[in-house]
Ligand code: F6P
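Just the one chain here, laid out as structure tokens, in the form predicted alone.
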């Protein structure tokens, strides 16, 4: 296989700077796990940000970090300044793309300064990557922070095979067209030869946007753009099934056997539907009071993006709502919601997975949601009960879960009741099917399938000849005059010929 290069906003290694030492910590799970076997190949490389602002670092320190990452971890850093982090990452990526792609157009900011920095950082990624690119390299770029990078590479290295995968939803064309810089984003992504999404819904949304905005049609998920053939497909990301299904926890969670546990695990984000979830739990207690004192909600919220004001506001709303419900329903022996605002280790989360009777996953919009898959995989007793939002990417794979509308409090309340009262036989039937699917389509399958598809892509050159080279106009008119039967073809809406941006004059010839 040709040299493989992975590019993402963050490296799979986090660099922490202390006063006296520099430490390196490998990422666990998700993308890092899926690409591990490919990344460990002798000449493979991973390019990305190591996680700290470089402004106050000496050049000698940065050179040392660069050397250590390259020699020990097969990684190469792209350093970002504090201003880069503020404008490119917190600004354009998380205040423009993140809310818009998750259908929160009311929270989307359109700041040209942030956009210019986004372009600058994407170009910086290209400059750092460029010395490592060979003619037959295979480059896989990840996620919404680097949507301009595929085009930058393809314009300068046309023989390189480029893959791009978006880990968040791609919105409908009606939402996407609200983006001020929509054409630049689409053209940036179309620099890739293979474009991947979690679900076919996202694939269709992307193709619709390309058709409506760039006037480029597709044929069976393939596009002809700039004389190149581009493939677009769905590659649902999986988990490390073996790890979650065999992991033995150090400290199992001990709960009252007379009490059922509902688990909720998310990082702090408005797309996760945490407020709606808490209200639905209250609706459950109101509608089915017989469960008061018998069911508790363990609400785990991991800190995230606390530098953005809206996230602080969201945290306050969560804490106020939890306090109100606990104040209204609790007694000396029971508290309805146990709230944790902290990050848990993987071992701690698996302990909760194994103890929870129900996992409540109700994002308002989510690219995939691997938490749902982790929970099912960890429950090798086949007694897990998953309540899952229909707007999470995972819902298309885990249809045996109880699927709900995340905005419908009563439906979620009823789903909780049904989950609590579901028979053991039905739980096991549902879980066995989900286990087989998750085990088969694990994260290694996902990575291998994408890379193999990318490696097999054959470039096809589309040669456009002038009309005169294809048709002899004089001969055509001669045959038309001599014919006894004549057929007129009338073109409409790009059916017989490509869309034209400019109006054409219509000439009527009468013989």
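Just so we're clear, the structure is a prediction, and the values are computed from it rather than from any experiment. Numbering follows the first chain given and starts at 1.
The discussion below concerns the form predicted together with ligand F6P, not included here.
Novice: Taking 4.5 angstroms as the heavy atom distance cut-off, pick the stretch from 189-197, 144-152, 294-302, 274-282 that is near ligand F6P in the model of the complex.
Specialist: Comparing against ligand F6P in the model of the complex, the contact stretch is 144-152.
Novice: Indicate whether ligand F6P has at least one heavy atom within 4.5 Å of a heavy atom of residue 391 in the model of the complex.
Specialist: Taking the distances in the model of the complex, the answer for residue 391 is no, it never comes within 4.5 Å of ligand F6P.
Novice: Consider residue 267 of the chain shown here, and say whether it contacts ligand F6P in the model of the complex, taking contact as heavy atoms within 4.5 Å.
Specialist: Contact check for residue 267: yes, within 4.5 Å of ligand F6P in the model of the complex.
Novice: Indicate whether ligand F6P has at least one heavy atom within 4.5 Å of a heavy atom of residue 114 in the model of the complex.
Specialist: Result no; residue 114 lies far from ligand F6P in the model of the complex.
Novice: Any of the heavy atoms of residue 245 lying within 4.5 Å of ligand F6P in the model of the complex?
Specialist: No, no contact at 4.5 Å.
Novice: Any chance all of 89, 94 and 98 sit within 4.5 Å of ligand F6P in the model of the complex, going by non-hydrogen atoms?
Specialist: Verified in the model of the complex; spot residues all in contact, yes.
Novice: Since exactly one of 438, 85, 351, 168 fits, which has a heavy atom within 4.5 Å of ligand F6P in the model of the complex?
Specialist: Comparing distances to ligand F6P in the model of the complex, the residue within 4.5 Å is 168.
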